[in-house]
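Next up: just one chain, as structure tokens, the form predicted alone.
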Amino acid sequence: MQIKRPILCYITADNLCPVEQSEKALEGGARMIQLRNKGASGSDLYDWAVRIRKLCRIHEAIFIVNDRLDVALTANADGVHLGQRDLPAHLARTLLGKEKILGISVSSLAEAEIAVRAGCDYVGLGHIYPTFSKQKTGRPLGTACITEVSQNLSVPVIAIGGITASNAGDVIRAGATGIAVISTVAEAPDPRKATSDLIQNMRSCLQ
């Protein structure tokens, strides 16, 4: 599957059922789901992954597992997303093969270039704005970093960190292929509408 601009990737929140979250986001128009739960057991992650993969197939969406390459492979996910301290990207690429998607979290052009050389298919760039969904150190990168990275990379750039309906358009205008969100959808009164609003604001800046 290709990562087409503008794409919304929904990353599951730890405190909610990942399957229900994913279904709502997909119904709202998300075309990429990332299963992420740092504290869950391997068996729970596998069960969720199989169920979310089925939902993604129905909605023609990409399904990615965060960190756990073993879960991604056994559940036949579309790929895996790794952080800077996870399994080295070049080893993950070897285990995944050429058909699966490999995403890497980066916070600079230098890290992004290394990730591309290691064989990644996209980079998750952040954090762009202040965010409370994950513990972060360092200052937000801002949209100027999106422009710098996207102009110098041959793979899609998915921006993450503090992205809302009010600034999603700015992120796409800066050069991002798409956005990744957690709380903007997970904590919304209507997750489907929140997803739809984000996508509409991304698309409107391309018209």
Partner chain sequence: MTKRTLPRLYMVSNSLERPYPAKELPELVRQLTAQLPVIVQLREKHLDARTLYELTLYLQSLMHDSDSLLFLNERLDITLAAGADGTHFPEKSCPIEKIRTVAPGMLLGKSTHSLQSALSAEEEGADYLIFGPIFDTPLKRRYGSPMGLEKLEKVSRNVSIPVFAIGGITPENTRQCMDHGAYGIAALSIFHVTTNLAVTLENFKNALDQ
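Since the structure is predicted, the reported quantities are computational estimates derived from the model, not experimental observations. Residue numbers count along the first chain shown, from 1.
Quick note: we don't show the form predicted together with its partner chain, though the next part is all about it.
In the model of the complex, which of the listed residues (148, 70, 170, 27) lies with a heavy atom within 4.5 Å of its partner chain? Of 148, 70, 170, 27, the residue with a heavy atom within 4.5 Å of its partner chain in the model of the complex is 70.
Please check if residue 74 has a heavy atom lying within 4.5 Å of any heavy atom of its partner chain in the model of the complex. Contact with its partner chain, yes.
Partner proximity in the model of the complex: residue 60 to its partner chain, non-hydrogen atom cutoff 4.5 Å: No, no contact at 4.5 Å.
I'd like to know whether residue 152 contacts its partner chain in the model of the complex, with contact meaning heavy atoms within 4.5 angstroms. No.
Taking its partner chain as it sits in the model of the complex, is residue 108 in contact with it (heavy atom to heavy atom, 4.5 Å or less)? No, residue 108 sits far enough from its partner chain in the model of the complex that none of its heavy atoms falls within 4.5 Å.
One stretch from 177 to 185, 157 to 165, 140 to 148, 37 to 45 that, in the model of the complex, holds residues within 4.5 Å of its partner chain by heavy atom: Selected range: 37 to 45.
Out of 1 to 26, which residues reach within 4.5 Å of its partner chain in the model of the complex, heavy atoms considered? None of them.
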